[in-house]
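Here's a solo chain for you in structure tokens, the form predicted alone.
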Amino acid sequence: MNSSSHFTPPQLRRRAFGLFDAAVLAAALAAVSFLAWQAAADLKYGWNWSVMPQFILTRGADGSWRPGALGLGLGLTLKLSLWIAGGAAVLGLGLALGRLSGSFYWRMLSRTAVEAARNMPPVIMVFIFFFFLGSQILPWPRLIEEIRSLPPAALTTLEFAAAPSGRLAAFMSAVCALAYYEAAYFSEIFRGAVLSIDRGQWEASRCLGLSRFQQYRFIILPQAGRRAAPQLAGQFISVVKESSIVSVISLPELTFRASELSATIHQMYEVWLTAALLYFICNFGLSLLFGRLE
């Protein structure tokens, strides 16, 4: 058998755990231990980790398990991230195709939208959508009233998929603001993936008599989607982290819940370290999932 059939790309080869890895791990453990000792010795802080599990998962009066304050915040963070990523993917693909269009006006319009989002802080964008567009231009109040008049089953489903009816205005403003912000980065990922497709693919599909739409649908986008997958996965993880910004408009996601909880029980270090751990577990799990999909 040809030895080339057993070739493994360098980036996929696994390296054994060596002396350098052990030294790095030992240094990291020593640093964490030193910080914990300093916190206990110099800050005179009374650690109380026993109160934290109930804020992640708690048992109700009927014996069933329910999410605590931080668990509810994490759930809203994930729902918010899914809505933002979905909206950003659709809008980002549209902006990417606009920038690749043969029309000068579509290219300029798409580029203006992308540059406006990329050069503005996301927290400012959230404020603009919530306090200006949401209250003055977009018909949020009337829309919220119509939503609250939905049948109970439909309203329950909507609240499960999004947010409680009292927080829907803030939720929709946050989704619109961050979806637009993230769409600028999604669009560049899509555009780079499309531009990486060999020109021969375009020429061959044109010779088959396919229209521009059919070229994108059947030939270009399926290949570009596979090439863009690693970058899209990384950007989705960034969406989860950047969703913490919406705590400034009192949307009760994980960061907002942690802020409220630390002010209530006065266990600041435990609360914020637990919130950081929840973010890490969520994002690390997503990294493993996306790595498996790749």
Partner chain sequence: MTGGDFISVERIYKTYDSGLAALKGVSLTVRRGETLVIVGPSGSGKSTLLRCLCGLEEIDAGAVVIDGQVVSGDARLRDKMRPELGLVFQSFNLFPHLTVMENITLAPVRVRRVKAAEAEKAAGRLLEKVGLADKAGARPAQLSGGQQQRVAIARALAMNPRVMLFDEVTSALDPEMIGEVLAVMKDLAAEGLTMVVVTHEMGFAREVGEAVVFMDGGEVVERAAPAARFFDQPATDRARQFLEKIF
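Treat the numbers as computed from the prediction; the structure is a model and nothing was measured. Residue numbers count along the first chain shown, from 1.
FYI, the form predicted together with the partner chain isn't displayed, but the following is about it.
R206 is the sole member of R142, R148, R206, R111 with a non-hydrogen atom within 4.5 Å of the partner chain in the model of the complex.
Between 155-163, 73-81, 210-218, 113-121, the stretch whose residues reach within 4.5 angstroms of the partner chain in the model of the complex through a non-hydrogen atom is 210-218. Looking at the partner chain in the model of the complex, residues D198, Q201 and Q223 each place a heavy atom within 4.5 Å of it.
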